[in-house]
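Next up: a single chain in structure tokens, the form predicted on its own.
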Amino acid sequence: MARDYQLVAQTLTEALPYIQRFHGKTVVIKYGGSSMVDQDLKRSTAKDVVLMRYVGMNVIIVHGGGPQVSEVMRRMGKEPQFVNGLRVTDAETMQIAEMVLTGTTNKEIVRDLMLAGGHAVGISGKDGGLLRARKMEAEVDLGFVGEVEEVCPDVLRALMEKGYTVVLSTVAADAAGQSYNINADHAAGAVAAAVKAEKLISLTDVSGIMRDPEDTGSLVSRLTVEEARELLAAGVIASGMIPKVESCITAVEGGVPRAHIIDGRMPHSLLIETFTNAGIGTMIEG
């Protein structure tokens, strides 16, 4: 079948206002779910990011890698333990997490971006004192699980000014140099606020926020921060969606105009969200 070049032209024309709007602006993308596991999605997502960079957007990728850490732990004879969705992290587990997140997962994302024709640099929250951590206080001692105390974005700005896409693993240290593993969703929100990003986009394995998790037709396309807090308090937003929504709230309250939770299982979801009139998932704004 002949390609519909009129449709291609219409799509590019539709994208033009968004390209103009976001040229020179910074977007923080939280990698997660299938976008980090499925090989075809990894390649298509990398191409999306490279395209975003070539039309003039500054891109920071923040990633986790919990399943990958658990897999390596089991191979080393160590069974992962979780409390309220957070990994209990003793000294050995912290070493494994840093090895996997910074040494393997981070560099795989950099590789994918480079193979797609981009220019990427992988760093951790330790580099340049980018993230300052503190121990997370919880009802149960989780060990070396941290939260963001401070973001020092100078290294991010320096790399973006040189044309690099930054890939950030959320291992960080406290003032005494102790390493902590920080939830990547929470870190993404803090980073987006610190760099005054135009958008925070979180790639997930769900369509967005649902008023009824069992009803795909109950997708909420737009929420204010106040409405998002109400859904959190009511328990409508639960489990793994909690840190994603908290991340969006942190970003928006920190000056980011809008934050998005979108389905990363959809090929080219980043481009659909960023450059078309349709938009997908859930958008949270002030």
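Residue numbers run from 1 along the displayed sequence. Take the two forms, find the largest set of C-alpha atoms that superpose within 1.5 Å, and that set is the rigid core. No experiment lies behind these values; they were computed from the predicted model shown.
Although not depicted, the form predicted together with a further copy of the same chain is the subject of the following passage.
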property: In the model of the complex, segment of 184-192, 170-178, 133-141, 80-88 with a heavy atom within 4.5 Å of a further copy of the same chain; result: 170-178
property: Partner contact for D212 in the model of the complex: a further copy of the same chain, 4.5 angstroms, heavy atom; result: no
property: 4.5 angstroms heavy atom contact with a further copy of the same chain in the model of the complex for M283; result: no
property: Non-hydrogen atom contact L232 with a further copy of the same chain in the model of the complex at 4.5 angstroms; result: no
property: Touches a further copy of the same chain in the model of the complex: E246 (any heavy atom, 4.5 Å); result: no
property: Heavy atom distance at most 4.5 Å to a further copy of the same chain in the model of the complex, all of A15, V55 and I123; result: yes
property: In the model of the complex: members of 107-145 within 4.5 Å of a further copy of the same chain, any heavy atom; result: K107, V110, R111, M114, L115, A116, G117, G118, A120, V121, G122, I123, S124, K126, D127, G128, R132
property: Rigid core superposed: L16 CA moves 2 Å or more between the shown form and the other one; result: no
